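Here's a solo chain for you in C-alpha cells, the form predicted on its own.
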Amino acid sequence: MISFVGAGPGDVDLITVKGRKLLEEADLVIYAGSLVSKEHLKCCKEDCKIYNSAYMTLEEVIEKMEIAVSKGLKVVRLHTGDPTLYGAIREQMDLLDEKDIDYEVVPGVSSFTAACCSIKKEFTLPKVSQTVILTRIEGRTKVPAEEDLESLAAHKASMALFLSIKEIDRVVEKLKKGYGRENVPVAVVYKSTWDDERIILGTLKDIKEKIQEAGITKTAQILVGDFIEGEYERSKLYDPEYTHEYRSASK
C-alpha cells in the first residue's frame, strides 16, 4: 500500500496522528527534500529505506514505489504541508492508476493555515471577507490568464500566496492594481512553525522594502487582506440575540 502523507508546515508535531503512524510503519519513505523536516525521519524504522525526491524524477519515484509494492512493503510518499496543494501528486497518482497500484492520500496542515495561526488572525471575518483565495504568481509554472493575481485581488477576498516571495516586486504591483489601494495589510511568514520562523508585517505600500531588507527570498507565505488588521463585525454564532438549534436567544 502507498500512502501520500502531508507532513505539515514544519513543526514535526503538526503531522496528523495517522500520518505519524504510517511513517513509523513504513518500509520505504520518499520525502520531499528540504521542504520536509528531517526530524520526521527519526520516526522511521531502522531498516526503512529513505529517498529524497529532490534528486529524483517522477519516473524514478514511481519505479521505487512499484518495486516496493510488488514485495508487499508499506510505502509513504511524504510531502510538505498538505499534499493536495502544490504537491504535484496528481501526476504520481495517475501513473499509479495506470499500473493498477492502490494508494491513499492523508491530509496535512497546510502552510497557509499555519501562517495565519502564526500571526494569530482569522481569514474569515464578518463584513470583511468570507472567502479565501489560495494562489501564486506566474513564474516558471504558468498560471491561467483568468487567475492573474490582479484579477483575483479585485475580489477583495483574503488571500494566501504560495511560491511567490521571490517575485515580491511583481506581487505588490499586481495586488495594488487589483485592490485599488496600497494600504492593504500584508503579513509575510517565513518558515511558519519552524524554529527559525520570522514574521514581517506591513502593507502593500512598504512590504516590498521590508522583505528585501530582511533578505527573504524563499520558503515564505504571503497573506494579504483586511482580515489582518481593521474592524469587523461580531460573529452571529455566539451572539446572544442570534438563535440556532442549540441555543435560544437571551432575554
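These numbers were taken from a predicted model, which means no experiment stands behind them. We number the residues from 1 along the sequence you see.
Not pictured, yet referred to below: the form predicted in complex with a small molecule.
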- Looking at 187-195, 37-45, 200-208, 52-60, which lies within 4.5 angstroms of the small molecule in the predicted bound form, counting heavy atoms? 187-195
- Note on the structure: the small molecule in the predicted bound form has a heavy atom of only one listed residue within 4.5 Å, and of Val224, Ala220, Ala26, Ile30 that residue is Ala220
- Can any non-hydrogen atom of Glu167 be found within 4.5 angstroms of the small molecule in the predicted bound form? no
- Task: State yes or no: in the predicted bound form, is some non-hydrogen atom of Tyr103 no more than 4.5 angstroms from a non-hydrogen atom of the small molecule?
- Result: no
- Item | is_contact(Ser158, the small molecule) in the predicted bound form, heavy atom dist at most 4.5 Å | no
- Might Phe162 be said to contact the small molecule in the predicted bound form, defining contact as any heavy atom within 4.5 Å? yes
